[in-house]
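Single chain ahead, by itself, as structure tokens, in the form predicted alone.
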């Protein structure tokens, strides 16, 4: 569980994080989205007790920030955007060192478990300096899991990975969620956030919104239907604007773009009216919006 109340961080005259209120449930996969410089990494550094807030409070995994900082650091896993490794040491030795720092009881078993899980076992004895960026990223994810933390902070976990490796990491994150871990995910990959996250926050110094991707689509764009015709749509707008469930009808070339109530229930009547008007219907579909559409709508809405 992660809960913040008016959490704020100020550097000189710059307020990086302004009165952040969050309430993240146990076992939730929470996406934290925002442009570069928005304060996402600063937020993660505060919540993992790496830096102190200027004001406000937070509880992470039952431990209070500022009072139980050592327990917070001991019980969370963190993947930073640019994870440091000992380049001249092997992957196995790197993980062993960190496992010992975390006071892991069965170091060898844990190191082997996560090297195998992330596809690095065959390279375990190679110096990390010879690894690609993607391999280093996977090794850093393994490092964050050695002590089996219940709460994970992942900053751009698939950055620099090829599609196959990125899928492996996404599948790994989903497995962690199914195991009941609480995951705080910072990412610029909006499709990834859309597929993985239970809820998302859009953040730019201040919190803009927190909700599920589905609810955000509905609240921002409503229910939109596209009717594709084999002729100009302009001739048929008047047939539809009088329907009580149609809020808006716009012609766009051979398409009718409709904002309407409950498309599943009302599409049959919509189609009946168009057929009666001899409209050459090719297909009817729901207008879908990506998380990118939602994100851009929110961050550009000043």
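Positions refer to the first chain, counted from 1. Treat the numbers as computed from the prediction; the structure is a model and nothing was measured.
Beyond the structure shown, there is the form predicted together with a small molecule, which is absent from this document and is the topic of what follows.
Heavy atoms within 4.5 Å of the small molecule in the predicted complex map, among the stretches 65-73, 242-250, 261-269, 31-39, onto 31-39 alone. At the 4.5 Å threshold, heavy atoms of residue 198 stay clear of the small molecule in the predicted complex, well away from it. Although the partner is absent here, residue 281 is not a contact residue: none of its heavy atoms lies within 4.5 angstroms of the small molecule in the predicted complex. When the small molecule is considered in the predicted complex, residue 16 lines it closely, a heavy atom lying within 4.5 Å. For the chain shown alone, residue 81 is a contact residue for the small molecule in the predicted complex, at least one non-hydrogen atom being within 4.5 angstroms.
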